[in-house]
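Only one chain comes next, encoded as C-alpha cells, the form predicted alone.
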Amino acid sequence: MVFGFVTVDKSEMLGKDFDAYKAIYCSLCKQLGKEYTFLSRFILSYDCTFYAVMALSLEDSCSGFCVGRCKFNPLKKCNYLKSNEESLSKAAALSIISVYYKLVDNIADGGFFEKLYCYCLMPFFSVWHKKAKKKFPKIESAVAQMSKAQFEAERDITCSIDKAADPTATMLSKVLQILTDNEEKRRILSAYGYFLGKWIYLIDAANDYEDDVKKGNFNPYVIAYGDDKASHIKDINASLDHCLSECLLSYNLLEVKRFDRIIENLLFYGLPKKQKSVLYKENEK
C-alpha cells in the first residue's frame, strides 16, 4: 500500500469536522501503541486514518470523544474516541501489515543501504505482523495477495497501466468489504475501494515518474509513455479523474451513519488537490 496521498483539505473543512478527524488520527495512534508497543506509533499515516474513518462511519453507534494526554507530548491534550476499538484495531492492523510487506518488498528490490535499514526494522515488524495477521486474517490475505501480484506485475516489461494498478485496487476493495456484513454495502464498498486503490497507485506512479526514469525503476507510465511525461499529462490526469468519478458514484450509493463531511471533503477536495499538486507541481512552483 502506498502512503501519503489520502488526505483531507483542511482549508475546506469546518473546525468541528477537522477536530473529529484529528481525534480519530490520535485515537489510531493510541491504538497502535496499545496493541503493538510504543514504537509502532511511528508508522501512523493519514491513509490508514481514512480507513478508520470509513470503518467508524459504518458502525451503528459512536461512543463520542474524550480528552486525554498525548503520549508523545504529555503537556499537550488531545481528543480521543471513548471506545470503538474494533474499527481502530482494523486500521492499526492494516497499518502494520502494509508496512511489513513494504519492508519485504524493499529488501527484495532496494539498494544496499535501504536493505540494511529494512533488515534492522524487520525483528520488530515480524512480531507485530504475526499478531495483526492472527487477529485479522482477511486483511493479511488481501495485502499478501497484493504484494505477490505486484511483484509479478513489475517483472513484466510489457505491463499495462491498468494491470500494474490492479493489485493495489483489488487489495483496498477487499479490506473495505470486511467493514460490513451487509451484502449490498459490500458490493458498493468493493467498487469504491477498487477505484480509490487504483487512484492511489496511479498518483504514486505519476509522482515518481521522473525519478523512475532516472533510476530505471518500474513505472507503468514510463513503459507506456517513455520519458515524455509532459506530453501525456492530460492522459494521466484523465485516468485519475476517471478513478475519482467512479469513487464518487459508488460513495453516493453508500449510506454512512456519521463522518460523512470528512469523507466528502477527502473525495471532493483532498484527493483532487493532491492530484493537481503532483501533476502540475512545476507550474505551481
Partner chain sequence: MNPYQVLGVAETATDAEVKTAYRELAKKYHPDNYADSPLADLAEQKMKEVNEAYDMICDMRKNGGASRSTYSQSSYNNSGYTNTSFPDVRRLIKEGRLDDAMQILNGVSGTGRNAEWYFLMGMIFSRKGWTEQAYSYFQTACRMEPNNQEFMSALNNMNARRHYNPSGYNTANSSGCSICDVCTTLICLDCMCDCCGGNGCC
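Everything quoted here is computed from the prediction, not taken from an experiment. Positions refer to the first chain, counted from 1.
Beyond the structure shown, there is the form predicted together with its partner chain, which is absent from this document and is the topic of what follows.
Peer 1: Using a 4.5 Å heavy atom cut-off, which residue among A191, C118, V213, A144 comes into contact with its partner chain in the predicted bound form?
Peer 2: Residue within 4.5 Å of the partner: A191.
Peer 1: Of the residues K229, H242, K34, R258, which one places a heavy atom within 4.5 Å of its partner chain in the predicted bound form?
Peer 2: Exactly one residue meets the criterion: H242.
Peer 1: Taking heavy atoms only, is S57 within 4.5 angstroms of its partner chain in the predicted bound form?
Peer 2: Because no heavy atom of S57 falls inside 4.5 Å of its partner chain in the predicted bound form, the answer is no.
Peer 1: Does its partner chain get within 4.5 angstroms of any non-hydrogen atom of N217 in the predicted bound form?
Peer 2: No, N217 stays farther than 4.5 Å from its partner chain in the predicted bound form.
Peer 1: Check L267 for me: does it contact its partner chain in the predicted bound form (non-hydrogen atoms, 4.5 angstroms)?
Peer 2: Looking in the predicted bound form, residue contacts with its partner chain include L267, since a heavy atom lies within 4.5 Å.
Peer 1: Taking any heavy atom pair closer than or equal to 4.5 Å as contact, tell me whether F195 reaches its partner chain in the predicted bound form.
Peer 2: So F195 counts as contacting its partner chain.
Peer 1: Its partner chain isn't shown here, but in the predicted bound form, which of 81 to 89, 107 to 115, 121 to 129, 161 to 169 has heavy atoms within 4.5 Å of it?
Peer 2: Heavy atoms within 4.5 Å of its partner chain in the predicted bound form occur in 161 to 169.
Peer 1: Which residues, if any, of 101 to 130 lie within 4.5 Å of its partner chain in the predicted bound form when only heavy atoms count?
Peer 2: None of them.
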